[in-house]
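Next up: just one chain, as structure tokens, the form predicted alone.
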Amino acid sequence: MKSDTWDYSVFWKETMNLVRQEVSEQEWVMWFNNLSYESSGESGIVLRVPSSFYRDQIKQRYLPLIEAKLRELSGHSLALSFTIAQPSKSDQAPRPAEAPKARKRPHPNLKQDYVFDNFVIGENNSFAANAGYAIAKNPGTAYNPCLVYGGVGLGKTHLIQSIGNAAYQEFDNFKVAYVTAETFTNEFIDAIRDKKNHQFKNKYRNVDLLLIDDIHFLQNKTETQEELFHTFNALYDANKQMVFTSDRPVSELKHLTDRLRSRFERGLNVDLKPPNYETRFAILKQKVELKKVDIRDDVIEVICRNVTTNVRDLEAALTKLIAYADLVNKNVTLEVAQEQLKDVFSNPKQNNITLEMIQRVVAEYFALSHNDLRGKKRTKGIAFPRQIAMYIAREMTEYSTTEVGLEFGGRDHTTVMHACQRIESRMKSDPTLEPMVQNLVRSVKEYGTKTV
């Protein structure tokens, strides 16, 4: 008969309640949702985890915290050990006589240089990168589906293709499909036109890993959303992994069916933020080494201090310097870098300006509330300031007219275009308007500097 002398399940449950109060919701979902109490004995507690990678990450990240909470509750130290639920191929030790696995040919739809080895990890993306690595090692288990979201040029495509490349090389006969949401939509339209719906469904419902980039493109495309919904269900029921990317959280995708939205929110949602200075420097340093060019550290530093938006803009600045050095056969000095990139450095888009900043500055100038500009009211006292804010948003940020419209009361892109055209027209006829707009632009820049 089993003894209850060493039953620590109550202590474990309360420990998890305490830990949850000290970690973020993302951390809780990723690392604790699939950590479960297995058994206990005189020596301590046995926990069940889905993989060896998962076990190692728990030990490295959270073991001291968990053990401290257990000690507080139980009054003495309890050792923690782990058992792996269902080891995947990657968790099983190779047979002694087995030769190292040969690398497969590159996947035809994935870029060979989009791999984890050259994905620079910093504070802005470590959570997403670790999630991606865990998915590649154990697809279809803990984090299914996974949605990676973030602004332009932050590495979403690099990350999900890294997942695809890693899993494709790791598992034999593993089917990986990578596609943008736009291509998925066009293929679906072609399939309907050519009466090849069955072939389309087979292509995407019989894979082991489905990667879809830029799902925000699916907004307002009801039939494509319906098809993706059924594809999602077929893959999920078969325990096949899905990873998606978007330029914003699912909650901010306005024209998405509720049931598809709920599918995206079912799994792990992780965000990519603009890289901090240290990460920007590491990214450029790696690019310089890969390209085998002679760019001094002080040049890299000045780029990183002045280009703060995203990885794509960083690489564009570096590429311009390398091209200049090749064409004129000169070394890239600090003076050369500052001269060649002066337009980039002076660009207001490098100041991390957000739509909310613009709305707050304009609202304060016109003695309105931030919500007035985001609301539905069309009174003259609100409509004109709103148009100015939309105009400034288009001038100072990279947001599309559609994205700007969504943040100003869910208006469509034609409304934003009309607002910008009207302000441009009025500035030509009203000599007081342009100075006022420029004053607001300066105020937005100052606001952005204070909040960075």
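This structure is a prediction, so every number in the text was calculated from the model and none was measured. When you see a residue number, it is the position in the sequence shown, counting from 1.
Just so it is clear, the following notes concern the form predicted together with a small molecule, a form of the same protein that is not shown.
Using a 4.5 Å cutoff between non-hydrogen atoms, residue 333 does not count as a contact of the small molecule in the predicted bound form. Within this chain, residue 257 is remote from the site of the small molecule in the predicted bound form, having no heavy atom within 4.5 Å. Contact annotation: residue 125 falls within 4.5 Å of the small molecule in the predicted bound form, judged by heavy atom distances. Remark: residue 285 does not count among the residues lining the small molecule in the predicted bound form, judged by a heavy atom distance of 4.5 Å or less. Taking 82, 171, 119, 217 one by one, only a single residue has any non-hydrogen atom within 4.5 Å of the small molecule in the predicted bound form, and it is 119. Note on contacts: among 353, 303, 242, 311, the single residue with a heavy atom within 4.5 Å of the small molecule in the predicted bound form is 311.
Here the chain stands by itself, but in the predicted bound form one stretch of 233-241, 152-160, 193-201, 67-75, 152-160, has heavy atoms within 4.5 Å of the small molecule.
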